[in-house]
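In structure tokens, the next block holds one chain alone, the form predicted alone.
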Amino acid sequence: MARINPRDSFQSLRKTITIIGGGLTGLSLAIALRRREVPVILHEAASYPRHRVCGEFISGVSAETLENLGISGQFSDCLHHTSIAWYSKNELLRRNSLPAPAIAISRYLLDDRLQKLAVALGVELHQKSRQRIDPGKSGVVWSAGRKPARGEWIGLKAHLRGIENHSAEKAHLEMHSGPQGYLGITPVENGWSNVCGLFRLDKTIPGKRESLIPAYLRRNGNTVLASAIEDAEWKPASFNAVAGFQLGLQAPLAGLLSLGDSHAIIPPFTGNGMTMAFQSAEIATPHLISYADSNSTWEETCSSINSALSDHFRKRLTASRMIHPLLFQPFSKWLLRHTPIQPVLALIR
């Protein structure tokens, strides 16, 4: 007679959690649940590895959060950045040190590392598996990114090499702003720099694909940087663009548990988007374990998670929503030059 593995028997008694969307939230949640022996099915609409529109600058995440999720080892060789410089058009406004080092790693590399770890831990991963929203279905977590909306923003991203000498002032993170939006530059792995911007969508700006980045920068007054980007080496297939989304809390659907960008998109100037993805997974994990063990209903689980997300993120979402419009006002240059950085970071962390 075959012997029954007690561990397999224990897992078979637990309910399965199905996660739709294999970005940072979905992958880290799947890993955290599998480390606690919860059965997990994960659906990702694309395939790994892939480039995503993302600042690739993780600021404000604690070592404890990464340990709780069981993913700290995936960051052991990452770059750690400590300085930031902010420009308005072509003028340097300020240079500051960050209160704690930020982590820099491309999503192309990080997502691939996390999906391999998830599979090694027993996650049932389905790539190129696009799922439909099914509100009210128990045990299903929706973490498939932004919800399509009539938004006014466009996000543009690419990996470039050879743009280090466009400015004499060196900083690990450069932010270049203007009336149309802002763009950040930060080194990631293998000598590449992530170039990622958020701009007001303007269909009168000429250009397609890669040419959109310097075109938006020129319209924004960042002409020196636009020329440097055109002369730089572009990593093949690294360009990405997204449009048609809104910042802040995303429109909720009754009966649907949304996490990550599906729940809320914080303005990227905060450098807090990737951190919120990890924190969302950390917050949801114990509640989903309780559901998997039949200690709470799905309705109770969703209510508890939504309440915890609101408590944890309310302050930073409110603060960022208030600060973000100020970056596009005529007096923004004065604010960016003189506002103390520490109190602002305290509001958006």
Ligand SMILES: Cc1cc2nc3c(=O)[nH]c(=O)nc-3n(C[C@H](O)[C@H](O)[C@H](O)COP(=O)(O)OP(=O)(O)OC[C@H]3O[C@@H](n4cnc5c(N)ncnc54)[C@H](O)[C@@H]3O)c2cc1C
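The shown structure was predicted, so the numbers you read here are calculated from the model rather than taken from an experiment. Position 1 is the first residue in the sequence shown; the rest follow in order.
The same protein has a further form, the form predicted together with this ligand, not shown here; the description that follows concerns it.
At a distance of at most 4.5 angstroms from this ligand in the predicted bound form, none of the three residues P39, I289 and H312 contributes a non-hydrogen atom. In the predicted bound form, L24 approaches this ligand with a heavy atom inside 4.5 Å. When this ligand is considered in the predicted bound form, R130 lines it closely, a heavy atom lying within 4.5 Å. Using a 4.5 Å cutoff between non-hydrogen atoms, A46 counts as a contact of this ligand in the predicted bound form. Among residues of the shown chain, R52 is one whose heavy atoms approach this ligand to within 4.5 Å in the predicted bound form. Stretch-level contact analysis of 211-219, 196-204, 228-236, 73-81 against this ligand in the predicted bound form, using heavy atoms and a 4.5 Å limit, identifies 196-204. Contact annotation: of the candidates A158, A144, I185, A171, the single residue with a non-hydrogen atom within 4.5 angstroms of this ligand in the predicted bound form is A144. The single contact residue among P101, G273, G151, G139, judged by any heavy atom lying within 4.5 Å of this ligand in the predicted bound form, is G273.
Taking this ligand as it sits in the predicted bound form, the stretch 96-119 comes within 4.5 angstroms of it through a non-hydrogen atom at just one residue, R107.
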